[in-house]
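A single chain, nothing else alongside it, follows as structure tokens in the form predicted alone.
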């Protein structure tokens, strides 16, 4: 998953680069005020710490659109016979420009290259836009995980099957 690749989208060129401390700090500040992170009261420090963490099995990447920081993605490489999209965030100014779709295409292409059977993601049950987004890309809801992040809120596990044999 460490391979970096550029994607062309309606917003221009999107690339995925290893997360820097500076980008993690900027993204932490920007993401803490939008859902779903604001809903869960994640602080800028909590988000920055997560984004700057170094995990061999779950690398973090900054998403760059035409040399501007547009978001972040983290993929846990080994999870239930395929990778798990642990974190995907697109800054509001870059939403609805094809960048999220480019990120999912990049995620899926790496999984197919690695011959994964599935790709996985979780979205909060109140985050209807995220659920619809993933479903447009072929993900199917497979489980509701009540209280995973917070009491009274469900997290929806979605899967896209890649290999059927």
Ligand SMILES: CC(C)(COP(=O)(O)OP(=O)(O)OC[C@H]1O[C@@H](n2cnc3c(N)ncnc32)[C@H](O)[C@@H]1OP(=O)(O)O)[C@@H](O)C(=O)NCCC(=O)NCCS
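Positions refer to the first chain, counted from 1. For clarity, every value in this text was computed on a predicted model and none was experimentally measured.
The same protein has a further form, the form predicted in complex with the named molecule, not shown here; the description that follows concerns it.
Judged by heavy atoms within 4.5 Å of the named molecule in the predicted complex, the contact stretch among the candidates 27 to 35, 41 to 49, 110 to 118, 54 to 62 is 27 to 35. The candidate site formed by 89, 122 and 136 is fully in contact with the named molecule in the predicted complex, as each residue has a non-hydrogen atom within 4.5 angstroms of it.
A residue is said to contact a partner when one of its heavy atoms sits within 4.5 Å of a partner heavy atom; residue 99 meets this definition for the named molecule in the predicted complex. In the predicted complex, the named molecule sits beyond 4.5 Å of every heavy atom of residue 69. In the predicted complex, residue 105 stays away from the named molecule, with no heavy atom inside 4.5 Å. A residue is said to contact a partner when one of its heavy atoms sits within 4.5 Å of a partner heavy atom; residue 95 meets this definition for the named molecule in the predicted complex.
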